[in-house]
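Alright, here's a single protein chain in two forms, structure 1 and structure 2, each given by itself as structure tokens.
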Structure 1
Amino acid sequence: MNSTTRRHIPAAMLALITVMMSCCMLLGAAAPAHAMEAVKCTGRPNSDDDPTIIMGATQSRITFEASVEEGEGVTQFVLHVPDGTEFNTDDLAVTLLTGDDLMTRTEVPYTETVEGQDIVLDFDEPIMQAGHLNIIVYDVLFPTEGGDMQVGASYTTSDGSADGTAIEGIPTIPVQGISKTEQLSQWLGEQPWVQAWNSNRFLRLFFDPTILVTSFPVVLSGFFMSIAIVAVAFPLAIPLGLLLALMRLSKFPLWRGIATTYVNIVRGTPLFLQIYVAFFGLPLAGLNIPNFPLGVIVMFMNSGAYMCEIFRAGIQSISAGQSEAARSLGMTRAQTMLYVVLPQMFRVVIPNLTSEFILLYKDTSLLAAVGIMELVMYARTIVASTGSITPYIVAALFYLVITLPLSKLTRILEDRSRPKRGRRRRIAQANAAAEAAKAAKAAANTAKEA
């Protein structure tokens, strides 16, 4: 807007000179008035899906602004609201923005009349001050089918230089057709049972059907984001956790020291803080990573530390006899670990890894704090604009869709790995021992061949 005024200054001066010159020759001749110019014309976005989309048949607002030159003397202004658009002038706001930065609000007393789609403003006093005439129309409902909406405007000045002169070059407002979910939501809002349901404050706040349907597709996109983060972070965390676990079990104090420090720091501080440090700290250190990979990195580095402990416990749970047997068969430490301990360990830790997956999935919600558009952040933006908790409930459903089946799976796996009868355990032990011996023999053979 500033730029517009600035552009006007040379134009205004030029006009002034012309006026003075013509005045000398033709006394009283009307100067070619510096006409009002459209500065902006926007509609308020009203879609939950995309914060910049304006939908038809849904509450919106039109903001129109046009420049007025010094001494123009505007007496009447007509704003033509696009055909097929409903509006209400109860909250109509008409202000003249003045001053160098156009930040001073000047009241311009007026009387309004509505003629069809025209809002006619008759100003009590002609507007002589330079500035921007700002008009905000509330309760605007654009046509259902959408399209490019053209707002029209014309004005009349006291000196007669403009009489219903139309203002050119008003930007159109792009309006999209109403979305399916919004349509469903509005239909639901008219149903008596929904109204009865919503008359209960608890139900309205937590389970408002009209918000349930509109927030579902929005939160769904957050669901994919959360899943994508976990889908990348979790597989990456497994090798990290394993590496850390092996380092912690290493004979070398340096490896042990590094791994122990890392694990203790990560497990000893809240993930929330780690997210903040990574999000605001790394860019300052010259590492500017986009949001998604950054989210993945924080999640996998955090999860790696927890997995380290799972793996370490898993490795230690494999009886020492196993590795002693393998070592006595001539396997190296690495071979023992790779062929004997780790295969058994993985079977033991699967239930724990599944719980870790669930935790990691739920923890992605913390990324909302730094604006990563995951499940909770999407829900949160709708909560902020509607003031209803319902989107959070929708988000909760999306968490449960993943966590409930996985918890069930964990239980099944735990039951399976915990033998109920002694006989089975003996058989399992015998099998494991036989397997270990077989693996050891195979390894020894390959070692010999090599």
Structure 2
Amino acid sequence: MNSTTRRHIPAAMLALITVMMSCCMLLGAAAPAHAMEAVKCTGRPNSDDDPTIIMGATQSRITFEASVEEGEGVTQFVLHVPDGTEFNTDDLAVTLLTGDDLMTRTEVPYTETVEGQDIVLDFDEPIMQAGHLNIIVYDVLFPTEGGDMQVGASYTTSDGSADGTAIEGIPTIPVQGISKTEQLSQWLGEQPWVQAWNSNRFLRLFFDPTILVTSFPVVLSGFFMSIAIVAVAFPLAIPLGLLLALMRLSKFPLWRGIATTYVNIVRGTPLFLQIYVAFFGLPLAGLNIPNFPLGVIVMFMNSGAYMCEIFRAGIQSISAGQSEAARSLGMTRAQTMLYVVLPQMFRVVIPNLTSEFILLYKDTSLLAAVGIMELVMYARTIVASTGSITPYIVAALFYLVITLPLSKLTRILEDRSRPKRGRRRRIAQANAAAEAAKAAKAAANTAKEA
């Protein structure tokens, strides 16, 4: 600073600048020449569904790495494991990565102490070599509820420039919480009776309780999809089947020919083939339809061909005399069909329609082949990740939940649809046989007394 500048600066200001420069020099002398920095802090993914997700309450590990400068002289390192996290230090790995490519691994002798969530490492000799201090904690169980896990770290140097100095900028570890069913599955896996059950290879493969619990809510989503497909396809198939039945009974050869050709082709080819033609053939022809609507279309068009035969048989089962009586009263052919024949026909075919509903519901499993996420597709996804057949058993239970009650309903409807006259005749015959037996018994008693 020259003399001219000194004349224009007040003495008090000059003294303040001098004091500030002295303080900065003192702070610079007290600060360490180097400071450890966090390089990475990660957890090992442990999800069966997604290889990038870290799940809570599931075995994982923590890998922490920090840079060490030449001559830093680190004597102690403290790693703070996130609160609520369980860990085991039996297999703790502490190494120093050195070299230009950090591929040279050197074991660092240390004495370990665990104080709550802190892992205290006292090194036998100060770390003077430059490199990356790598610490791996195995058998880590993050909290069940998950969240962003913050690992803490601090260190001490031999020259006293750092004494429990915290390392800043450590990234958090994102952990996804597990559901109640996954918690229940883990609890079951720890039970002695489940372990004894799974010790049998057959039982573990087909009826693993831990997989049974976790697969249930997943397969349930596919159950709703299957029900949604049937709920839309079945009502659409009824008018299609009725229209085809009326066309087959028509006096016009053209209508009969169209309906007969359609029914014979659909009933004569596998539904699986029809699904493949629709899902892979239509896109090649330039017609792209979303999977769900296309699946519904294939299912109701196939079911409509079978319902055509059900309705046709039901219409032909109605006595021709009723149609003739209606025509004699002046009703047209259409009125006779609408008001006389069809109401009676529907009462007759209800059991068969119930059976067709059951078949349609089971046939939705074929849509798994083209990627529609229904019951079998969800079950197959879990089987691929677990190697257990148990999810297929769960899917079978969902099918039985619908088919068994409907099968019982079908039998009840069939019993009620039987002609009452025939039932009365059978009752009368049984009563007559009983009376004849009583009479024969009385005659035998009389002869015995005589």
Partner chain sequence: MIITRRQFIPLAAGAAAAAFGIAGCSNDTAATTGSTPADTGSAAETSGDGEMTLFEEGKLTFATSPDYPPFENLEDGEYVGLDMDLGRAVAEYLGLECVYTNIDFDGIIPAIVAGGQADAGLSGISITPEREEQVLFSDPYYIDNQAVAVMSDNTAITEENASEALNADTVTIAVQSGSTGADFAAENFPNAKQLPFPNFTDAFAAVQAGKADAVCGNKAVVDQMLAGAYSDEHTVLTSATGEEYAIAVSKDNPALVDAINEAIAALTEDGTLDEIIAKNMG
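Note that the rigid core is defined as the largest set of C-alphas that superpose within 1.5 Å between two forms. Small disclaimer: the values here were computed from a predicted structure and weren't measured. Here, residue number means position along structure 1's sequence, counting from 1.
Q: Look at both copies of the chain and name the one that is the form predicted alone.
A: Here the form predicted alone corresponds to structure 2.
Q: Can you let me know which of I127, M299, Y378, I178 is the hinge position, looking at how the rigid parts move between the two structures?
A: The hinge residue here is I178.
Q: Rigid-body comparison between the two structures: how many degrees does the smaller part rotate once the larger part is superposed on C-alpha atoms?
A: The computed domain rotation is 36 degrees.
Q: Give the C-alpha shift of P171 between the two structures, in Å, after superposing the two forms on their rigid core.
A: Superposing on the rigid core gives a C-alpha shift of 9.8 Å for P171.
Q: With the core fitted, just quote the Cα shift at D49 between the two structures, in angstrom to one decimal.
A: Spelling it out: core superposed, C-alpha of D49 shifted, distance 7.5 Å.
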